[in-house]
Each structure stands twice: as C-alpha cells, then as structure tokens.
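Listed next as structure tokens is one chain, alone, in the form predicted on its own.
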C-alpha cells in the first residue's frame, strides 16, 4: 500500500481492505440492523455470504485500483466499518458508500470517513464531475450522512439487483470542493 491510498482524519485511518479485515467485516454484515440497508434482501448475511461480499470488495481494489476503505479507529485500532469508492459493473456512477459496525454508530465516523474518501476521490480523479451515493428511501441515517457530506437527493433512481429502488444522492465536484476544500 502506498501513502496516496491511505487517508487519515483526526480520529480515523482509512486504508485499503486486507484479508485481516475479514472477521470484522463478516461480523458487521451478520448484524440485522446493519445489513438492513446493505444487502439486497435486507437481511443479515451468513458467514459464507458475507465472505463472498468481502472477497468482492477485495477484488474491486484489484480490478479498479480503488475500492471501499477499511476504517480504523486511531485511539483503539478497532475496525469501524467500510467507507469509500465503489463502482461495480453496471453501477450508475462512482459512488462513495458507507457501512459502519453498530458498536460505532453515533460517533460521527461515517461522515468523517466519507468526507476524507470524497476528498481522496476528487484528488485521484480530476475529471470526476460528481460523486454519488445510492440510498434506500427508508434509510434516514444514511440520508443524514449524505447531507453532512455535501450530497443532495436527485430525482434519479437506480434499481439495485433489478428490483430494489434506491435514490441517487450526489455532490457536484466544484460545489463540494468549495465547501470542504481539496
């Protein structure tokens, strides 16, 4: 891993996922409250299904050269969740997504990590006009995070797995950089 791939905030380290993150990732995806908005069936994942999701995220780094970051709490070294760039085949745009383990909810880690990730995205991709997030219309917490990170709901929708309507939120590059800086 090179320094241009790692990001730091006051409280967090964002780095590419590694095989060592598997246990924490799978535990997070087994939590019904977390999985509700992160899985296509809105149900917690078995270890086997979570392992496949995790392997997909590791593979995304290999294929695209970027992907979801593992978010690590500086004070404890604990794995907080995964936040960052995501654009699998067929995706409607370059997304900044987030998922935080329940034990770290309410600490402001999702917006803190997402802002660092979006800053990294705009620096890495100078021609990127906007960043998006796909949000379930019932996910009030994710909508709040999107607002905090400078995104606004659009009139666009994406059918996840061809069946689940997700709203597209986005942040325009210039407006975002004017607000949050490079």
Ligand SMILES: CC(C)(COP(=O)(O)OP(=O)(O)OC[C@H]1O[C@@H](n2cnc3c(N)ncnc32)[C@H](O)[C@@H]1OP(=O)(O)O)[C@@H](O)C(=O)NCCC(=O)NCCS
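Everything quoted here is computed from the prediction, not taken from an experiment. Numbering follows the first chain given and starts at 1.
Quick note: we don't show the form predicted together with the ligand, though the next part is all about it.
Interface residue remark: residue 33 is counted as part of the site for the ligand in the predicted bound form, having a heavy atom within 4.5 Å. Residue contact with the ligand in the predicted bound form: residue 145 places a heavy atom within 4.5 Å of it. Residue 106 belongs to the set of residues with a heavy atom inside 4.5 Å of the ligand in the predicted bound form. For the chain shown alone, residue 125 is not a contact residue for the ligand in the predicted bound form, no non-hydrogen atom being within 4.5 angstroms.
A heavy atom within 4.5 Å of the ligand in the predicted bound form is found for exactly one of 115, 135, 50, 132: 135.
None of 117-125, 54-62, 150-158, 37-45 except one has non-hydrogen atoms within 4.5 angstroms of the ligand in the predicted bound form; the exception is 37-45.
Within 4.5 Å of the ligand in the predicted bound form, a heavy atom is found for every one of 99, 110 and 139.
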